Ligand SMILES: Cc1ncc(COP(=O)(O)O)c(C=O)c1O
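Below, in structure tokens: the form predicted on its own, a single chain.
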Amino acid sequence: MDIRAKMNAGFRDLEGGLFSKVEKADVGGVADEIVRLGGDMLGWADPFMPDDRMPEEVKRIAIERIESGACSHYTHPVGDMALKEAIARKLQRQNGLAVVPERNILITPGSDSGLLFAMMPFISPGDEVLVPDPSYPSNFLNPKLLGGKAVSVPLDEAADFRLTRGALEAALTPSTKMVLLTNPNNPTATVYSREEMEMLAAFILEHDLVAVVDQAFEDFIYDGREMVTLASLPGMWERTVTVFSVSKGMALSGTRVGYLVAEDHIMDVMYGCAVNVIGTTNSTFQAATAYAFDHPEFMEEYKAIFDARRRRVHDILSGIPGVTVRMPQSGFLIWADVSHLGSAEEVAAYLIEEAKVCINAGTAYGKQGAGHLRIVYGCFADSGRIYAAMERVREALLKLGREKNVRA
């Protein structure tokens, strides 16, 4: 029996590495294999992985929850109230959003499931979702899982991957229902300007669309740039679901805590099916992260570390014949154009062999990802280990350029 033939079209052609080789860092054992060979895994956006950087007070609260036995019980399906109140205070000071914790916040077990849930109430079979390209791989897959279609909106690479009104209008059809944005952008680390966000808001309002915005990388913005939350702009609160995470800025990826923020009428629907779709988030770490939201000072040290790393990694990769990189504007990712050296898959495979470093081929990040690599320099507590790995990457790319007779 061909069991896949009985699956819906959004799922039946997916592969998770059980029957074929899948070149993804999160399936197929790629990460385990590179570590087993003594290499470095720079393909997961998991800060300081695999080292411990959890703040002591956050850890203490989690341990107390475990020792008291409270960890063995559910919180309310839509989230612990103390955590939601702490998040509401953060939203006011950081995002310009005045929300009611009981009505506008939903706690999720991480932002990945939250991102899919944010789209579910809106996307029906045949609906189209505009996705700036390159973008987070889930942005292209999630519409398909829901029976819709992701429509690529090319970003202008020559202008630092800027989003233009012309590109949005060219992708618009009568079937367009939603714009799905990751800001700051993953993988390019671009931060969209206020002018771009106001243009996007005007486009969405003019065409009566819905917006879902993933702000997982919002916490580390460099060089005085402004981080604009789309939902804070006039007319956008009523039609935007914003997806947040504690994984990136707080370096608490393993706690699996994320949250959605939306207007009452949207959230009422989500509250009505939250337990059916996502269940209840880990009770221990809801309590622990509530403290982190009210005491975010530890994140300043992380920002300083990643700011120094982005400059050093940019310097290491600059000047390699056939390679183009731009200074990251946010987070701990750098996006490299290696198209003169080969396809993204070829160069990524070469780096595993020559540099013992596993990074992401850009093809998973949209049509514009061809010939690019995403490198995560946020891993490891020791910055020296990152720099050593990047020096190996540099030497390998220089060697590949010589082999292919690529000149500067």
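In this text the structure is predicted, and so the values were computed from the model without any measurement. All residue numbers refer to positions in the sequence shown, first residue = 1.
One more form of this protein exists, namely the form predicted in complex with this ligand; it is left out here, but the text below deals with it.
> Based on heavy atom distances of 4.5 Å or less, which listed stretch (179-187, 201-209, 161-169, 320-328) is in contact with this ligand in the predicted bound form?
Only one stretch qualifies here: 179-187.
> Of Asn142, Thr289, Thr281, Ser111, which residue is found within 4.5 angstroms of this ligand in the predicted bound form when only non-hydrogen atoms are counted?
Spelling it out, the residue with a heavy atom inside the cut-off is Ser111.
> Which one of Leu351, Ala361, Leu341, Ala45 is close to this ligand in the predicted bound form, taking close to mean a heavy atom within 4.5 Å?
Checking each option against this ligand in the predicted bound form, the one that comes within 4.5 Å is Ala45.
> With the cut-off set at 4.5 Å between non-hydrogen atoms, does Ala216 touch this ligand in the predicted bound form?
Residue-level check for Ala216: yes, a contact with this ligand.
> Can you check whether Val313 is within 4.5 Å of this ligand in the predicted bound form, heavy atom basis?
Residue-level check for Val313: no, no contact with this ligand.
> Is there any non-hydrogen atom of Lys84 lying within 4.5 Å of this ligand in the predicted bound form?
It does not: once this ligand is placed as it appears in the predicted bound form, Lys84 has no heavy atom within 4.5 Å of it.
> Just to confirm, Ala336 within 4.5 Å of this ligand in the predicted bound form by heavy atoms?
No.
> Pick out the residues of 126-142 whose heavy atoms come within 4.5 Å of this ligand in the predicted bound form.
If the 4.5 Å heavy-atom criterion is applied to this ligand in the predicted bound form, 126-142 yields only Tyr136.
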